[in-house]
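Next comes just one chain, in structure tokens: the form predicted on its own.
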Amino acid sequence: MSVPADQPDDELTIPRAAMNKMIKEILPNVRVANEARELILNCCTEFIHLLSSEANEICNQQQKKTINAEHILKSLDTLGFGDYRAEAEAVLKDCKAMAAKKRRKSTRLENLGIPEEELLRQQQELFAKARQEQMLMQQQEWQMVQAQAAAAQQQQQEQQTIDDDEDYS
């Protein structure tokens, strides 16, 4: 997410709709006041800022240019949130599994945007067309063989007639 240079950091927050959805999923039967929602939003934003800053420091100490999952997990420990490490690792494992599943599912066929039934129908049409063309070619070859055989038979009969005429002369 890019941020204009004149916009202060404290204005960066999690989208309210996403936060409201999370609150509803976690507390479906509880009403949460707008003031409490705002506080939760600010706490989450501050936590993310704190965690990412610490992960960035760890990344810099290791002379790396990209923050990875291990940096985040280590920053949880460093900031005193080690109790959440196991849950964070489980979420990371789930995310990796979902990403792998998505990669396996994502095939060239799916990327076409054409429903499978339509692709099957098109394939059947192509097969029928290919069978028809093959049958037509076979008929043409058969007719050519028949014509050649008839021509050869006629030539043979003509030769026979010539030979018979020569015998009588």
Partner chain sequence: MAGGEWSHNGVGEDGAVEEEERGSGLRLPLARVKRIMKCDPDLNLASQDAVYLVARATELFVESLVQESYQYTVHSRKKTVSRRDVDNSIEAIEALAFLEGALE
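Here the structure is a predicted model, which means the values were calculated and not measured. Numbering follows the first chain given and starts at 1.
As for the form predicted in complex with its partner chain, it is not shown, yet the points below apply to it.
Stretch-level contact check against its partner chain in the model of the complex with heavy atoms at 4.5 Å: of 126-134, 139-147, 32-40, 113-121, the positive one is 32-40. Although the partner is absent from this view, residue 65 contacts its partner chain in the model of the complex, with a non-hydrogen atom inside 4.5 angstroms. Although the partner is absent here, residue 158 lies well away from its partner chain in the model of the complex, with no heavy atom inside 4.5 Å. A residue is said to contact a partner when one of its heavy atoms sits within 4.5 Å of a partner heavy atom; residue 151 fails this definition for its partner chain in the model of the complex, lying far away.
Although the partner is absent here, residue 103 sits close enough that one of its heavy atoms falls within 4.5 Å of its partner chain in the model of the complex.
Contacts to its partner chain in the model of the complex (heavy atom within 4.5 Å) from stretch 49-85: 49, 50, 51, 52, 53, 56, 59, 60, 64, 65, 66, 67, 68, 69, 72, 73, 76, 79, 80, 81, 84.
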